[in-house]
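For reference, the chain that follows is the form predicted on its own, supplied as structure tokens.
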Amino acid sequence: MTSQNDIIKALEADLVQASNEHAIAQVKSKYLGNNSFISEQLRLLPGLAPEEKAQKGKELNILKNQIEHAITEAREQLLSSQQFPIKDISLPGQRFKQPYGHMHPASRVLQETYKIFSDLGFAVVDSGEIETDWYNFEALNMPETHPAREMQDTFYIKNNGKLDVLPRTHTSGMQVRFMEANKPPFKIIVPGRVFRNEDEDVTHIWAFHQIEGLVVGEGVSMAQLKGTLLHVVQGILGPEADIRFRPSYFPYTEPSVELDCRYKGQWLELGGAGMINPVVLQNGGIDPEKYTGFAFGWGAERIAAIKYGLDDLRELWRPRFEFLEQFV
């Protein structure tokens, strides 16, 4: 009769030879499938005496767990070796076929965006990832009961029992902060990572990089907003790209628009924009009777997905190096 030790030794030998997931699946079928030793023995249990049946059942269960553990471990080792292949460091050195390392697609889009805006005279302003409820919402014309808060599912951090501190849902929180500390005219972009409490899918991820733009001065117009955004989009995607505005609603801009771009024959949504709401200007200490301004915001990952033809935003942050290598 085959012993459990013999089965485990045979299993380990088969797993050593299994070089891919299909081969591991075949090993699993051999040792746990309908025609396996375990299945055959389980079918014999009903004909055994109660004491023998209990003992045999216990032994088979232990054996089954050992087999499942060994197969799971082999699969994990295989996946790990595919992502981080083992290198024999005793072999002679070789020249790299390409320069070691390269920029991530989203980082490349951010770098290109900084350059284009800098050439237009925009300053790049940094800001903290943890923001207060006032600057993230209320100063942007979204009081506590405002329905627009539901547009951005939010993580909150308890602060002395109050939910008044949060990982920012957009970099727009820097708008009022910057206006409080500076006098017009000014042109800035505020890039940074933002956080939304939402489920991930092909077009949404819970943490991404946003680029917020803010321009304030005398006589700033909607036409200047569209001209600026067209120049930037064509700088990133190429001269064949075009943009359009669709009427929308955001509490911090009035009028508000959704920004779409036409790229390779398709219209794709980029982000939101509009003329700064006078309430927001007042909250920043700026006279809305004298000054006007525009603001806009979009995600770097979304532009990267458009530029590089990605169908799933999540691919940008999955550790699939063979996928990311195509963007050298």
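So that there is no doubt, residue numbering starts at 1 and follows the sequence shown. Quick caveat: nothing in here was measured; it's all calculated off a predicted structure.
Below: the form predicted together with a small molecule, not depicted.
* Asked: Is there a non-hydrogen atom of Ala295 within 4.5 angstroms of a non-hydrogen atom of the small molecule in the model of the complex?
  -> Contact with the small molecule, yes.
* Applying a 4.5 Å heavy atom distance criterion, does Ile205 contact the small molecule in the model of the complex? -> Yes, contact at 4.5 Å.
* Asked: Does Leu270 reach the small molecule in the model of the complex, with heavy atoms at most 4.5 Å apart?
  -> Leu270 belongs to the contact set for the small molecule.
* To do: Answer for Gly299 alone: is it within 4.5 Å of the small molecule in the model of the complex, judged on heavy atom distances?
  => Heavy-atom contact with the small molecule at 4.5 Å: present for Gly299.
* **Heavy atom contact within 4.5 Å of the small molecule in the model of the complex, the stretch among 22 to 30, 284 to 292, 49 to 57, 270 to 278** => Result of the contact check: 270 to 278.
* **Among the candidates Arg177, Lys187, Arg196, Arg108, the residue which, in the model of the complex, approaches the small molecule to within 4.5 Å (heavy atoms)** => Selected residue: Arg196.
* Within 4.5 Å of the small molecule in the model of the complex, do Glu212, Thr253 and Leu313 each have at least one heavy atom? -> Yes, because Glu212, Thr253 and Leu313 each have a heavy atom that approaches the small molecule to within 4.5 Å in the model of the complex.
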